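Shown here is one chain on its own, the form predicted alone, set out as structure tokens.
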């Protein structure tokens, strides 16, 4: 225990916040039935600060037995106290949660940056965004309407929207606070209960949010948090016969496994998966806006974003000038200490991800792509990778087809609108896309032709809880955010009353 304590001091060196330090020093247990408990096996696992590779904490290693207990607790809550709580009360819980997130925004953002590596400025924005998501769905709790249907005079026919039930929710490591809010807020607004599993790389903010949920007064068993590995705890959630719905955000490969596992009891499944998003730049684009935004499109969160604009398509006559100007900007954006407010690019989340990106940098060079900037990883402590821009890239190369999840862009020339759409759509993914042009006709035509769940025009990475988010093709099933989340977390009942 002494060794762990000293590691925490090294991992969180420079942190002045007593709230952050106090949380790091506490045991990291599972939240089941409103109580913090160790894993049944007694096992724990290490979670790291990717900026210095030091151990931040030991978290309980939940597995199948713990998931089973959490599902039982959730079912009791669903069929007990939670079922008698009306929509105004549910809205009140969500509003209190939003207030608590805003009250603790600095603490939560610091924990997120420590555990995930994201720049503190981004962590602050994402934490405030989570509060907005809880507040948005608080409004929906009182507006989940059924319908009165036209019927024969001897019959009264209407529909009810009811909760799906026990929801298993598995969130990724690249945006733990955001994804926690995207999953929990609509589920609770609709009257569901949850067993949620954060990624094993980044369990800390989910656990702290669990504490805030209890402080907000959420009844025991309504939200249960299981930390552990995907192959054990995650698989148990996907397969469990007592879970009515699974919501997963992560890789397409794991999403397919979850879909297969759900067939045991035909769970409802929603998946937000990978992407290889095209960022299409026409020669008439406003370069003062396009260049910095295109750079952030593939470097935000060190490129570990499912909708990152990593395929940058540039109109041929303008290609060379654009590459030079983008390279000049990117050369000034060095990865650094994520807790420094001036830093825009932190480390990658883990050694595994670091090695993955290193492998793709080698693949790109072997395929014949030319690194105009970067092309290698840093040496020394921390999983840092500076921005890399590849030119001489063909759309059939692996670096243009496979999700790298690092600050790596492939710049690809195109001839005209038809060519841009053809190449942009030539991917198994369809999560997002962007179009840069001052021609309104072209903007609408290209946006309509792109096969993607979100298309940004003259902007990138804009996300609002009001608007749905999700993917075409192998980028997922269903839509999160917006009113579309209500469809994910409710089921419709028809009632016929003979008069």
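Positions refer to the first chain, counted from 1. Keep in mind that this is a model prediction, so the values were computed, not measured.
We do not show the form predicted together with a small molecule, though everything after this point is about it.
The partner is not drawn, yet in the model of the complex one stretch among 282-290, 368-376, 400-408, 326-334 has residues with heavy atoms inside 4.5 Å of the small molecule: 400-408. A single residue from the set 101, 273, 385, 412 has any heavy atom within 4.5 angstroms of the small molecule in the model of the complex; that residue is 273.
Contact with the small molecule in the model of the complex, defined as a heavy atom within 4.5 Å, holds for exactly one of 72, 356, 135, 392, namely 356. Interface membership of residue 124, defined by any non-hydrogen atom within 4.5 Å of the small molecule in the model of the complex, is ruled out. At a distance threshold of 4.5 angstroms between non-hydrogen atoms, residue 131 is out of contact with the small molecule in the model of the complex. When contacts are judged by a 4.5 Å heavy atom cut-off, residue 174 counts as touching the small molecule in the model of the complex. In the model of the complex, no heavy atom of residue 117 sits within 4.5 Å of the small molecule. Contact check for 229, 235 and 258: all three have a heavy atom within 4.5 Å of the small molecule in the model of the complex.
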